[in-house]
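Only one chain comes next, encoded as structure tokens, the form predicted on its own.
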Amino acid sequence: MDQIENRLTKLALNGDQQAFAEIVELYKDKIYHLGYRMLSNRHEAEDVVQETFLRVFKSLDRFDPNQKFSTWIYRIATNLCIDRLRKRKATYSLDADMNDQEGLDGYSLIPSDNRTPESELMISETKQIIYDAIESLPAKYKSVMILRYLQDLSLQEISDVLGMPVTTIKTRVHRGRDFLRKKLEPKL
């Protein structure tokens, strides 16, 4: 994957529009998923995808080829999400109805493995409890937990994305897990 990214990045730097289109194709779903998990809003996640690629396109000449492209693009997307969370913080309520997804979420895209309706309901309820707990995390823990457990980035990659020391990331992951554990113990 790194070789493909490097090749596409070099081509895009030289003005190859097809290479940039391939970069968009490689990352659009990952960036959407990140945005959706951080913002809990389909439309805002779509906006973050567009803004991310617009910034990537405008800043491609400033990309450091010694850096991983994935880290760079995740940093841009994560910062855009954090900016949006900060802007809405004044009106943000944990009790607010977050169901603007028309009954659909990322979990509905997971293929079935012939579960019974009862087990599906239990799994769905459990996932919703976990999702609600992640939603209730303070922004500084939420972004780290989403990048670590939903985007499956390493601690070093998260450190690079957020521009923080790995020790800070470890602390935030630990505190985020503690926060989730306290939230989830009585419910699960």
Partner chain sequence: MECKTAVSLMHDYLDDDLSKEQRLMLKAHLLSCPNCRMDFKELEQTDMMLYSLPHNIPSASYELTERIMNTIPQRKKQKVWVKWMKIHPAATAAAVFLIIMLFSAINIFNQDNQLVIHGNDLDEVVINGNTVIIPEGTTIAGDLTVENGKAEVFGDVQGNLTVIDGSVYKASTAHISGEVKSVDRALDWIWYKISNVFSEVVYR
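Note that this is a predicted model, so its numbers are computed, not measured. Residue numbers count along the first chain shown, from 1.
There is another form of this protein, the form predicted together with its partner chain, and it is not shown here; the text below is about that form.
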Original post:
Looking in the predicted bound form, any heavy atom of residue 126 within 4.5 Å of its partner chain?
Top reply: yes
**OP:** Examine residue 64 and determine whether its closest non-hydrogen atom to its partner chain in the predicted bound form is within 4.5 angstroms.
**Re:** no
Original post:
Heavy atoms within 4.5 Å of its partner chain in the predicted bound form: does residue 69 have any?
Top reply: no
Original post:
Can you check whether residue 135 is within 4.5 Å of its partner chain in the predicted bound form, heavy atom basis?
Top reply: no
**OP:** Taking its partner chain as it sits in the predicted bound form, which residues of 8-41 have a non-hydrogen atom within 4.5 Å of it? Please list them.
**Re:** 13, 14, 15, 17, 20, 21, 24, 25, 28, 29, 30, 32, 33, 36, 37
